[in-house]
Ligand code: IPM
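Read the single chain below, which is given as structure tokens and is the form predicted alone.
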């Protein structure tokens, strides 16, 4: 092995351990082909951790995440918000990167294939969770929305970097006609940064962007959004591309990253070996890309797409493969060029 990658591994709840096991099989294939050693450090988090330990995110998990700076996380159940919100804050991940791409053999919901990336500011907006209410009657509440030049600049630079590797265009999504100060700052700084990077920029009000995603998704390549708008639009785009259950996500900071499937823990099918591990595998590919192993990342993506194109599918896509059987289909395609 020429290098060893250590990362914090959170299996999660429900189908989490199953899709994690399938993904580790794929990373084993990557190791054989590319000579990369993987040393996942198993860490507790989620509903089971809350039941056993009294907290969904034990201090030793936080400590290990801070130390290793990279987390590969399976889906978490009811405590998902308590886990990922704290991890994002502790690791300083300022942007969520959510690709929405129609995969082979998957029918897009809007009748048109999608291939776009949504880059979402992650530490500010309404999600600073600073809310106040009338403590007597509870009939009035107000929430604080935060926007700063620093955070918009950081997320806009990341969007520019992603755009340069794609079509060189970014759609800035906002509602500055109504939210003149917070969205106004986001719009102004984002346009300034993107134009200075030589990016072709378009801008859309968020309601128009949602409508156009459904009607003409091909007009978008990279979308840059404030926190709340990106949370909503990225789920919409993933579902339009074919299924929310196939979508990976990366939370990116300065040398830190959290990589996870977008879907939930799916307790109704947990333990019977039929969960689709595609999103978790593609999240691992995003982790590899982040770590600089770009050829390995592309190999995982291509192996997943080739497996699906060949008809290898789990029951949710109309196939009959078990979770680990699909993992073997992907792994063998990665390993195909290994010299025995």
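Quick caveat: nothing in here was measured; it's all calculated off a predicted structure. Positions refer to the first chain, counted from 1.
A second form of this protein, the form predicted together with 3-isopropylmalic acid (IPM), is not displayed here; the remarks below concern that form.
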{"property": "Option touching 3-isopropylmalic acid (IPM), based on a heavy atom within 4.5 Å in the model of the complex, out of 84, 199, 189, 206", "result": "84"}
{"property": "Partner-contacting position among 219, 88, 195, 112 - heavy atom within 4.5 Å of 3-isopropylmalic acid (IPM) in the model of the complex", "result": "88"}
{"property": "Stretch in contact in the model of the complex with 3-isopropylmalic acid (IPM), which is absent here, among 133 to 141, 150 to 158, 102 to 110, 76 to 84 (heavy atoms within 4.5 Å)", "result": "76 to 84"}
{"property": "Heavy atom distance at most 4.5 Å to 3-isopropylmalic acid (IPM) in the model of the complex, all of 98, 231 and 260", "result": "yes"}
{"property": "Contact test in the model of the complex: residue 267 vs 3-isopropylmalic acid (IPM), heavy atoms, 4.5 Å", "result": "no"}
{"property": "Stretch 119 to 142 - residues with a heavy atom within 4.5 Å of 3-isopropylmalic acid (IPM) in the model of the complex", "result": "120, 127"}
